[in-house]
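Below, in structure tokens: the form predicted on its own, a single chain.
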Amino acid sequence: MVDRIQKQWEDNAEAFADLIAGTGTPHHESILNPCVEELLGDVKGKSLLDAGCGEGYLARYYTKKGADVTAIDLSPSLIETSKMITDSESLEVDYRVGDVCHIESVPNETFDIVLSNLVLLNIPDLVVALKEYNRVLKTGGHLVFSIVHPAFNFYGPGAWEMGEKDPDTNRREGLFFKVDNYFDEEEFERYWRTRKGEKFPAPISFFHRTLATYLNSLVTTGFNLVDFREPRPLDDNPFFDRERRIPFFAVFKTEKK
């Protein structure tokens, strides 16, 4: 399973890095990132693990905010891209290739913060990942993670019913969101698209889970829920008409017991 997931990200590494483009997609910038930053709070002087760092844009951002950042990703190609960008910006981030479910290079109780941004929905075993996050966190440390909202997950059992394309936003009108078989927890393979609308080279695995599964898994792996957010767009940009009607993301802040 790990080899298959790693190959997906290796095959898509270049397309993914181009999509992120150093700062994240418009959805990241206008909806998700501000919420994550608010929940993380002041990171200056704190040790932070970016678990599943992708091309490293958040690792770089929080390094600039004063955190001591270690960043891990399963894809060697994405780690190499991250290193090149980080070096070009004269920053210091400890990048490592590795599986976030088995962070063998990190001792117990190392980090003040674990950040796992849009990662756990691509992980086959949620509980194993959360146990590992708990292990590397100091007691009282915080895990902040985000996922695509399970109840409105178009990478899983849901989809928008679309209308005509809006010439101003270049997006099709969302008539309504339809979802079925929400309780069936299973793997879906979906293609991401580039900023030009082209398919990624390979599909990516998404593991649909209910909101109850996420919350109960936190309890059983030693976390207390501190805060839960369903962030909305920051402004009234008509591009985000759909995202003002239903939550696109779910963001959790938890504390190690």
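All residue numbers refer to positions in the sequence shown, first residue = 1. This structure is a prediction, so every number in the text was calculated from the model and none was measured.
There is another form of this protein, the form predicted together with a small molecule, and it is not shown here; the text below is about that form.
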property	result
The small molecule contact at residue 20 in the predicted bound form, heavy atom, 4.5 Å	yes
Heavy atom of residue 106 within 4.5 Å of the small molecule in the predicted bound form	no
4.5 Å heavy atom contact, residue 69 to the small molecule in the predicted bound form	no
Residue 118 within 4.5 Å of the small molecule in the predicted bound form, heavy atoms	yes
Position in contact with the small molecule when the complex is considered in the predicted bound form, options 100, 137, 130, 93, heavy atoms within 4.5 Å	100
One stretch from 159-167, 82-90, 69-77, 183-191 that, in the predicted bound form, holds residues within 4.5 Å of the small molecule by heavy atom	69-77
4.5 Å heavy atom contact with the small molecule in the predicted bound form for all of 153, 177 and 247	no
